[in-house]
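The chain below stands alone, shown as structure tokens; this is the form predicted alone.
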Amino acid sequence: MKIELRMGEWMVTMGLVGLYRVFEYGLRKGIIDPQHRQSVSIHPQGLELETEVLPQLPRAYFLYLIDEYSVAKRDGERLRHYLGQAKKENSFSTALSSIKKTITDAGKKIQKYFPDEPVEQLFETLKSVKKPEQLEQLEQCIAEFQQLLSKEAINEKLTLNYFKAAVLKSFFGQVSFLNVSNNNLDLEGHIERFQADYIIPVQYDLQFEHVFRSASTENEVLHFLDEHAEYGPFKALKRAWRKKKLPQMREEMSALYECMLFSGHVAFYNFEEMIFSPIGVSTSNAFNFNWNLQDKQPKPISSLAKLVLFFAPAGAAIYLKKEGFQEQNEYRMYAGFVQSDAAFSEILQKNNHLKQMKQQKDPFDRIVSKLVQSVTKEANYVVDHLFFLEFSSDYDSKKTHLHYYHLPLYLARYFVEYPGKLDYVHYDYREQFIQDVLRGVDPARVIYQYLRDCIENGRSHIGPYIAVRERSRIIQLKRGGKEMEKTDKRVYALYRCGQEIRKALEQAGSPKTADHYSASPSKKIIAIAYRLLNAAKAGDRKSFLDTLFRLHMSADQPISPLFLNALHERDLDFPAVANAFIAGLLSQGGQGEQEEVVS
């Protein structure tokens, strides 16, 4: 039987992308029989699925995830990286600690599930390594450990535990094999549970739909329900329908049992947190979704939709993301996805691209820029409907961080016309900058943080200037994109003013007197930069200009009329004026570096 799976909400499209990836992987690795080569085909609106292939999908699903999140591969790469550091004598000690921690953590897990493996002996050898002269012994330990970790049974067990806890837990509650009572299942046990909980319900429901559509009397329907009485939903349905006629059954079916994600399919389940944790709500708490007092099925979905949603983790790009600045930061596991109104094949291609770039740890602005390049050749309508989505969810704490990044036309134009211009901005601030811009938030707050970081930690000062200039370009594009070159020149002129003042202060030096302490020029500049930055953050134009005038007077420098924009904001807004000047005041870069980045 062939069924059509149409795209819809992002989680459905994500599931379809995952299903197709798993199917492709299964065919490529020989897990799915070649006779089913045409069983999943791409259509403009989604996928067409031949149901005979369904029993082969669970094995392909687990082997795909084991390959994707292999503990042997991940720990192997990490150990090779640490070993490279250990070869440098000054970083040997730190690298050795990291190597010991990695091997000990994974080794204890191996001991737990495979007590006969020689892990204790490896621990003892590793413990004896303490000096750079023992590098050869350390290399031997790492090689032995990698060999141990690469054993199929060990890698399979540890990887299963990893992706269940780190990846699937972000998507689902304690359903099927994810329930803690099933922690001791091996790979075959997991596959059996997947078959029983996800594949067989789909097969039963599709058979029921066929019988229900073709039945001429109610007895035919009840007879089918009797034959499959062990299936929970059928048992409940038979109890409800035993005294009803066929027309009543059909009326009730269309009113109560139609899937809200795949129309035309019977729905015996609910869209709730255990089915899709990031945006699901438990049935008992879904008061706002009740209609006509039907609290038992507030958001009905079919077993088919439930199965497609279970493939969502394979359709997303999974990555670690740092949130916050400096000490106040936190790493979270995120799932990212690109959605648009384009055909399914293009969405699949874009998400494959996104996943590949995330694996290469490309910065977000470059990812957006590359993805937009092809889209802008199409109609503006499509550009206007492209958006990025990412979420971090934890079922235990019932907490989800969900971000939608909509891409309006002016931003698409920015990414196309100015690709890679943010490369000089420090990675942490660049990511925050782009995310604010995509959310429609003014990224000035990121620039304030960046300038403060430069003052406190002496980072490269070109980065803030680039951030100020790119912010001004985005604002100009939002207003229609006129006078782009003039805006760039104004920002650069303000930046140069800051540099000139710094140069004048440094040349003036500190007055040397025996009786009074006088701070060095660099300390004075830092103090002034703090004062200006505080005024800029508070939006205190008067305080900013007052400090600025005094500064120019003490340095005997003329004041540029561009600073009047701090008051009337005709050509530039106040944050752009203030931040460009402060960036210049902090700048210590040479002229060559400036010329390179000014273009």
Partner chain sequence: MSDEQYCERLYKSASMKPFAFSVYLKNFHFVDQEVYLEGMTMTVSSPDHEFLLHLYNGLQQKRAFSYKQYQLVKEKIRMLPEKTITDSTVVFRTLSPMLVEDKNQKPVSPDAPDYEEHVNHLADLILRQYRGNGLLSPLIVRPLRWRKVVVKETNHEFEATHGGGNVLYFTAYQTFFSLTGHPSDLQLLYQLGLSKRRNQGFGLLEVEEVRG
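Positions refer to the first chain, counted from 1. All figures in this text were calculated on a predicted structure; none of them were measured in a lab.
The following text describes the form predicted in complex with its partner chain, which does not appear among the structures shown.
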Segment that reaches its partner chain in the predicted bound form - one of 44-52, 553-561, 30-38, 57-65, heavy atoms within 4.5 Å: 553-561
Contact label in the predicted bound form: Leu567 to its partner chain, heavy atom within 4.5 Å: yes
Ala535: touches its partner chain in the predicted bound form, heavy atom cutoff 4.5 angstroms: no
Non-hydrogen atom contact Phe549 with its partner chain in the predicted bound form at 4.5 angstroms: yes
4.5 angstroms heavy atom contact with its partner chain in the predicted bound form for Lys542: yes
Sequence-ordered residues of 153-181 touching its partner chain in the predicted bound form, heavy atom within 4.5 Å: none
